[in-house]
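Given next, in structure tokens, is a single chain: the form predicted alone.
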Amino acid sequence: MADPKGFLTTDRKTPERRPVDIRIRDWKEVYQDQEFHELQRQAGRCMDCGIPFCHQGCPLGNLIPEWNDLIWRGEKEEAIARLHATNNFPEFTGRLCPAPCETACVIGINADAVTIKQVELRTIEEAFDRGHVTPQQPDRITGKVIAVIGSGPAGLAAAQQLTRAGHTVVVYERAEKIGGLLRYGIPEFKMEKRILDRRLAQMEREGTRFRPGVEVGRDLTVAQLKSRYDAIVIATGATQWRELEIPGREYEGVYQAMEYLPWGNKQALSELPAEPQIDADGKRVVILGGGDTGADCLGTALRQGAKSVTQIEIMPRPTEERPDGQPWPTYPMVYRVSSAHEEGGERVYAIATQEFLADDEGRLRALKVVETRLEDGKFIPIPGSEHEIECEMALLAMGFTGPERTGLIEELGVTLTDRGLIARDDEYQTNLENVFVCGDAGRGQSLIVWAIAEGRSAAASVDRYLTGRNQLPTTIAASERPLAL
């Protein structure tokens, strides 16, 4: 184990965030570097418990106690080898994952959990800095050709695994650049895009081929796709956003979060014309939705110079302690403060939006809302609590319902579940023999760590289908996979 007394003698300490008044003036990442000796002390808090519940908390099954011990000992090269054994992209999860492993940490029963996420992130960054992240090219080429449709975390994980198994893999992305949600949905202040480009460069050197700006079902027909590839992996994500069908939805100034966030990222990278199409500068902004996407919109609007930002949520405010129905080691729904929430804005709970209100020219001027109470799973409006919230921009950050059904999905003819997801068996295979699906398109909206885990496991199934061998690791046990076909 690491330091035998570390969990008793060392308090939990995370890296410092840059001062708010400085960081909201730029788009750089929020966290400052932590001294390596301090990181080692944090890794030393891992107590090598008899049953490491952090493994259960992590969908990737990361070997957390092992690389905690290696970092504590300063064995950086061995640590990254153990981390990469289960996770293709720890630089993504170390920045973006909500760390269910930490809520499952045994120390967390009655003390502060190990800073697993930070140890993971620093391990991979040390590896890149020291040149320990190199292309892993296959020993031989199988002659099998695979198309991966979608370049988010699930598609990239599947592509890297299959390339390393010796297959020729082509990744199609309809956007102008590779990365999917990682590039267009994650703000620069959470993950600078150079981090993504660094990993894509490694994948290209390994042999993965990228085809951005190609929409399968329009630019490339399904018939062409089937004629060219021995297997197809759908990793398009759950991009069908949830709508709010209330009066005034059509007014100028009401946008979906994923219409807005890509413009923020382009602005951060100076890739926009002089005037961005969707800009919060000088406006009163209201964000509908209290999750991570809403917080991303909040941080983006503040950096664009919004006059004010209000984030509203129909659910009651979560408690700061674990609810009784969500005991350790489950991931609890508690009140959390992200870096964006530190920077400004107001959070309002138990509020439902009834109508968008516009001025005489059809531009948004306010929201009509009502306070609610939760009874038997239903939100009941409180009579007499109706009021208006002034705003010139409303952003809908209410989640996603599944993959878009037109184009690729419709033309392929894959079966959908009653939730609108692509049905698959426990080998990630759809109703079509050589068509597989992984990530949010089959699972539904979920975490980045689940997307990578599904991409890895789907790759193992595709490799088995094509070769009859078990040479790739299956991250998710069959008993834990959704049986939806």
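For clarity, every value in this text was computed on a predicted model and none was experimentally measured. Numbers for residues come from their place in the sequence shown, where the first is 1.
This protein has a second form, the form predicted in complex with flavin-adenine dinucleotide, left out of what is shown; the following refers to that one.
- None of 440-448, 33-41, 456-464, 422-430 except one has non-hydrogen atoms within 4.5 angstroms of flavin-adenine dinucleotide in the model of the complex; the exception is 440-448.
- Contact annotation: of the candidates Leu272, Ala366, Met258, Val370, the single residue with a non-hydrogen atom within 4.5 angstroms of flavin-adenine dinucleotide in the model of the complex is Met258.
- Proximity to flavin-adenine dinucleotide in the model of the complex, defined as a heavy atom within 4.5 Å, holds among Val286, Ala159, Ala235, Ile71 only for Ala235.
- Interface membership of Val214, defined by any non-hydrogen atom within 4.5 Å of flavin-adenine dinucleotide in the model of the complex, is confirmed.
- Contact check for Ser151: a non-hydrogen atom falls within 4.5 Å of flavin-adenine dinucleotide in the model of the complex.
- flavin-adenine dinucleotide is not shown here, and in the model of the complex it never comes within 4.5 Å of any heavy atom of Glu91.
- Residue contact check for Arg174: one or more of its heavy atoms lie within 4.5 Å of flavin-adenine dinucleotide in the model of the complex.
- In the model of the complex, Gly185, Ile186, Lys190 are the residues of 184-212 with at least one heavy atom within 4.5 Å of flavin-adenine dinucleotide, listed from first to last.
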